[in-house]
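Below you will find one chain, with nothing else, as C-alpha cells; this is the form predicted alone, and questions on how it binds or moves follow later.
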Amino acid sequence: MNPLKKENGPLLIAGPCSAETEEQVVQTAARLFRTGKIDILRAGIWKPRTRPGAFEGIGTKGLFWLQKARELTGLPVAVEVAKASHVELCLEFGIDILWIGARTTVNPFAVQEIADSLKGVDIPVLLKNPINPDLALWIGGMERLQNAGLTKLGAIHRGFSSAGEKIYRNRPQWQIAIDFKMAMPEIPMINDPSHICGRRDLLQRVAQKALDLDFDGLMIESHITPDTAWSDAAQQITPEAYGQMISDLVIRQVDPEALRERSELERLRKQIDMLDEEIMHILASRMKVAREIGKYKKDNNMTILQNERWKEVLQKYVDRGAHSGLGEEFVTRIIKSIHDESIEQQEKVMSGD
C-alpha cells in the first residue's frame, strides 16, 4: 500500500517552509497536531535558492529538531533532498518521507543521483513538477525513481514559472497536472497551493480547485509567526489558520465506478473548461501589464496608441496563427479585441480613473 494515498479524504502535509530554530519547528508541529488536520509534517532543511545570499537552510541540525517534533506528535516527517548526501543524512536520521524539489526535477542527472542513492531503500518519495511546464521531464523523473525500485511514490503539483505572471507566484496550468495523472494514474497527485499562490489570500481557492479536480492531497506551508519567516513569508499561514482553512474546504465524494463510466465527451469538455479558465487568467495578467504601460506613458507624456507598434503586433500574430491552423479573420478579431481592452485600461490609468 502506498502511504502517500489515503483511503478516505485527502492526504494533508503541512509545516514551515524552512526549519529555523528548534522552538519554531517543535511549536509549529505541536500546534498543527492540535488541529487534527495533518497527516505528515514537512520542513525545509536545505533550501536551494534562486540567488546566493538568501537563507539556504539550517542544515543537518534541523534533522534533530524534526526528530524531536516527531517524538512529540507521532507525525511522520518529510524533508526535501537535492543530492545523494542529503538522502544519506535523512536515512541516518530516520526521516520518513523525502521530496524532490522543482529546481532539482529539472536536472535529470540530479534526479538519477538521488534515485541511485535510494536503491534498496523503498522510502516514500514525492517528486515536484519542474519549474518550467515540461510534462515529459516530470514523467521522466518519476520513471527514474521507479527504475531504482521505488514503489511508494507521489507527485507534487506546485505550478510553473511564467514570465509576466501577475496573480500567482507560479501559474497552476492545471492541464499539465491532469495530463500527468492520465499518463501515470497509479501515482498520487498532491497539490501545493503555497508555491502556486505565493500569497495567503489565494490558498483556499487553489486548494479547493485541486480537491474538485480529484487530487489526492495538499501540501501547505505553516509557521507560528508567518510574517517573520526566514523564507517565503507571504505564502505561510499560522497552524490555526491552516486548520480553519482545511475545515472550510468542501471534500466531495467521488464514485470510482461513475468515474470509469464518464464519457469521452465529458472528459474533453472538462479539458476545454480548464483551458478556458487558463485563457481568462492569462488575459487578466495581460491587462495588469497594460495598466503598467499606461502608467509609464502617463509619467512620460506619451500617447496611448502607437500605430507602428500595433501594426507589427497584429501581423506577427496573424502569421503565428496561420502556422497553427487558425484563420486570419479569427486571429484578427481576437487580437483587436485584446488591443481595444488594453487601450481602454490604459485610458483609465491616464485619466486617473
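Note that the coordinates shown come from a computational prediction; the quantities given were computed from them, not determined experimentally. One-based numbering along the sequence shown.
Just so you know, the form predicted in complex with a small molecule exists too; it's not on screen, but the next bit is about it.
Asks: Classify K166 as contacting or not contacting the small molecule in the predicted complex by the rule of any non-hydrogen atom within 4.5 angstroms, answering yes or no.
Replies: Flag for K166 set to no.
Asks: When the contact criterion is heavy atoms within 4.5 Å, does K128 count as touching the small molecule in the predicted complex?
Replies: Output for K128 is yes: heavy atoms within 4.5 Å of the small molecule.
Asks: Does C17 reach the small molecule in the predicted complex, with heavy atoms at most 4.5 Å apart?
Replies: C17 belongs to the contact set for the small molecule.
Asks: Contact with the small molecule in the predicted complex for M142, defined as at least one heavy atom pair within 4.5 Å: yes or no?
Replies: M142: no, not in contact with the small molecule in the predicted complex.
Asks: Can all three of R42, A102 and R158 be found with a heavy atom no more than 4.5 Å from the small molecule in the predicted complex?
Replies: The answer is yes; R42, A102 and R158 each reach the small molecule.
Asks: So if I measure heavy atom distances to the small molecule in the predicted complex, which of the stretches 174 to 182, 272 to 280, 202 to 210, 93 to 101 falls within 4.5 Å?
Replies: Of the options, only 93 to 101 has residues within 4.5 Å of the partner.
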